[in-house]
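Below: one protein chain in two forms, given as structure tokens, structure 1 then structure 2.
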Structure 1
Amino acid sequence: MAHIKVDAVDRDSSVDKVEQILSGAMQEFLKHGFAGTSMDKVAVAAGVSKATVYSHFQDKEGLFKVLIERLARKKFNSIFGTEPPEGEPAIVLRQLGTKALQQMVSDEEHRAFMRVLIGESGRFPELAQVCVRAMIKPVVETLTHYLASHPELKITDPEAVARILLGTLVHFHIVQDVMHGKDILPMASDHLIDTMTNLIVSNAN
């Protein structure tokens, strides 16, 4: 029993340590980017020693990659991780846009993640591609499929429309929140979403 307990504790604490490290690394990397983050700070933020960090991850780059790939999955799930939409396009599109934008705006972590991801996409091209595959591609495909399943919208290129939808929302979020443009270019997200929905739906006339 003691033996079993030790094994369990060992495994648990090992997993816990990894989680702790990733949690500390997230705070630091998201706040300061790759170059601006020190492994000392990561260790402190994680509440472990530097040696522990290096015992679980090869180096700074390895830790960074694991963290970003994790975050890509997490953010995709929290923002677009609902079932594929069904129903009246005018309503579904508005709901989808409103919900996605709300999720992005209310999530400070997501803003920091976008900054780091785009900011480091020059130094870590493969990592950026992993995120495109894990986040953007699934969204485009889901939207494309939904649009294509509504022939009454008379959309000839559903994938292009899906990109217009996604691009409009994400760019709006980047300008308003990531780049702090709210006060300089104020705009109610409802207006944007309504206008975009109308553009797509009124095509059916």
Structure 2
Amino acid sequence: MAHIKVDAVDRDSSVDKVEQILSGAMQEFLKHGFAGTSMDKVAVAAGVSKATVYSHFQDKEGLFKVLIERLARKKFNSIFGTEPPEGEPAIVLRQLGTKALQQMVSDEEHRAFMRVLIGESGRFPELAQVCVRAMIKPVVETLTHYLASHPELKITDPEAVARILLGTLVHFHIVQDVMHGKDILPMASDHLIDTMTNLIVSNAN
């Protein structure tokens, strides 16, 4: 029994170290960008040794990828939950659109991290591709499956409509919030979401 307790403590300690490293890494990536961050800086920010960082993460790229995947899971679950969306499209699409925009606006850490990722994508395209695979693709696939499961919508290309949905929300967020365009192109988010939903469900009436 004692051996089991030691193993459990070791596992808990390992998880804590990983959390420290990821927290320190996020701090450094947001401050210095990907190119300006080193494993030495991550170790200092995390309050652990460099050897400890390397015992959990092979290199800086691997560490950055884990952060992307971690943020992607958090964002996906906050919008869709743990089960595929079900229900009337007029209701579900409004709910999903509202949740998505609320998350984009309220999650400053995610927004700051995406700025770093986009800014570094020219020099490190493979990291941007991780974001597409981990964050964007699951959303498109989930929306595509949902739309395809409602033939009454008479959508001939569910994936294209899913991309239009996501693209509309992201564009709105970038213009209104990231680029501070609210006063230049004012529009209430509810109005955008209602109009977008009505365009999609109008064929079902």
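Quick note, the numbers are simply positions in structure 1, starting from 1. Rigid core (definition): largest C-alpha set, two forms, superposition within 1.5 Å. A quick note: this is a predicted structure, and the numbers were derived from the prediction, not measured.
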Out of structure 1 and structure 2, where do we see the form predicted on its own?
2
So, superposing on the core, is the move of H173 at the CA at least 2 angstroms between structures 1 and 2?
no
Is R94 one of the residues whose Cα moves 2 Å or more between structures 1 and 2, with the core superposed?
no
Once you line up the core, how about E126: does its CA shift reach 2 Å between structures 1 and 2?
no
Distance the CA of L22 travels between structures 1 and 2 [rigid core superposed, Å]
3.6
Give the rigid core superposed Cα shift of G81 between structures 1 and 2, in Å, rounded to one decimal.
4.8
